[in-house]
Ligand code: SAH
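In C-alpha cells, one chain follows: the form predicted alone.
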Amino acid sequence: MNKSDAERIASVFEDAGLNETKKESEADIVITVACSVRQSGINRIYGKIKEWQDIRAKRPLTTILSGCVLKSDRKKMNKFFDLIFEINDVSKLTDFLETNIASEQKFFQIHPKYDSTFQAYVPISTGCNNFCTYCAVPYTRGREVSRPMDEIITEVQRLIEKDYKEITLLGQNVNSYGNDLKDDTTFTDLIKKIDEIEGTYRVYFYSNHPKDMSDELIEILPKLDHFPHYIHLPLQSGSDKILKSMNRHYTQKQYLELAEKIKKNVPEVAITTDIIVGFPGETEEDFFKTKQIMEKVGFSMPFIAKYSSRPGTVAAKLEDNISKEEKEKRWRELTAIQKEILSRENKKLVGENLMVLIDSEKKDKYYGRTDNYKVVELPKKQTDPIGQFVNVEIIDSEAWILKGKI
C-alpha cells in the first residue's frame, strides 16, 4: 500500500513540473510515507531526520510526511517537516506545490507514476473498519471506502493495454470491498469483471481477512483464468487469547477450518500469511499454538514480524513485556520451521515446468516468480526476458529459492 501511495504522490510531483531522482543526496524535496503497524518504521524516519538536518545546514531542502501518521506522531514531527498531510487529502500537497491541479482532486483519480513497466499496484479501497489493536490504519486513513468498480476496471484495462503482466489489487481488507457501495457490488463481482479482460497477465489481491473470506470467493477462484491459485491469509497468532487481544474476530479452529476449505476447493493453492511474534502477553504456550498452525497449514511463506509497539494504537496501552531477545528467539524458531517445510515442498517441484515472470537481474542471474509466488533463479542468457513470462524447467531447489532453466 505504501508503494502504491508513493506512485500516486510521484504523479502529483511530476504534474508540478518536478523530476524524480533516485539519489537522495540530489533531492530538493524528500517525501516519506509512514508505516501503519510497526513503530520500527517510524523510528527509521527519526533516523533520517538527522541526515536531512545536516543537508539543510548546507543547502535548501523541503521535507514532507504522509501515509499513516497518528496524532502522536504529528505532534512530535511537526517541527521537522515542512508539510504533513493525510494520504487521502492530496489537495494539501497540490496547494503546497502551487500547481494548477484542482484542490478537490481525489486521491484515487490521480494517474500514478508507475515504478515498473510490467508490474503495477491498483488500490481498490482505502481505510479499514477492523480496528486491529496493533494497527494505525483506522485512525490515519479513516473508515473503509471502496473505490467505484468502473474506476478500477478502467485503470486495470489501461495497464493491460500497455502490456503490463502483473497487477496487484490492494485494500486493507479486500474481502469487504463494496460493503459501503450502494449498488451491492462485491469483491467477487470485481474480480470476475477483471478476469473478462483479454490479455496475458496475472492478478493478485492483498490482503484478505479470515473473518470475511467468503465461500463465493473460494469457489470462484479456480474458475478464473488470470488469478493464480494463491491466497494471502494473515494469521497473526495461533492463540485464541492473543487473537482476542489483537481484536482479530476469529479463532484458531475457525482459521484452520478456513485453510482446509481453501485447500479442498482450490487445486495446488499456495497460502501465505502474516505472523506477529512477541505480542504483549504472548506466553510460551501461546507461541506453541502458533507453531502448531504453521505445521498444520504448511504455508508457502509466512511473513514474520517481531512486535513493535506503535504509540497511538490500542495495543500500545498494553505492557510490551516480551524482551527483544525473546522476540528474536521466537522469530528464529518460526523461520526454522518454515525452512524445513519449504525444503520439503520445493523438492517436489524439481523436474516440473512452471511459468515464471522474470522481474529482476543480479550479476549473472535472472530472478522471477511463479504463479504461487515462489522465487526462481535462472542463468543469464543473451536475450533480456525481464518483464516477460517464460517457461522454466525446475532443476534444483533450496528452502527459499528454486533454480531453473528457460
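We number the residues from 1 along the sequence you see. Since the model is a prediction, treat every value here as computed from it, not as a measurement.
Below: the form predicted together with the named molecule, not depicted.
*Asks:* Quick check on Asp274: any heavy atom within 4.5 Å of the named molecule in the predicted bound form?
*Replies:* Result yes; Asp274 sits at the interface with the named molecule in the predicted bound form.
*Asks:* Pro234 near the named molecule in the predicted bound form, any heavy atom under 4.5 Å?
*Replies:* Result yes; Pro234 sits at the interface with the named molecule in the predicted bound form.
*Asks:* Considering only heavy atoms, tell me if Thr188 and the named molecule come within 4.5 Å of each other in the predicted bound form.
*Replies:* No, Thr188 stays farther than 4.5 Å from the named molecule in the predicted bound form.
*Asks:* Flag Tyr307 as yes or no: does it have a non-hydrogen atom within 4.5 angstroms of any non-hydrogen atom of the named molecule in the predicted bound form?
*Replies:* Result yes; Tyr307 sits at the interface with the named molecule in the predicted bound form.
*Asks:* Counting only heavy atoms and a 4.5 Å cut-off, does the named molecule in the predicted bound form sit next to every one of Ser4, Asn88 and Tyr121?
*Replies:* So, no: the whole triplet misses the named molecule.
*Asks:* Tell me which of 294-302, 252-260, 159-167, 129-137 has residues with heavy atoms within 4.5 angstroms of the named molecule in the predicted bound form?
*Replies:* Stretch with heavy atoms near the partner: 129-137.
*Asks:* Given that the named molecule is left out here, which of Val37, Ala27, Val33, Leu70 has a heavy atom within 4.5 Å of it in the predicted bound form?
*Replies:* Only one listed residue qualifies here, and that residue is Val37.
*Asks:* Between Arg330, His229, His226, Arg248, only one gets a heavy atom within 4.5 angstroms of the named molecule in the predicted bound form; which residue is that?
*Replies:* Of Arg330, His229, His226, Arg248, the residue with a heavy atom within 4.5 Å of the named molecule in the predicted bound form is Arg248.
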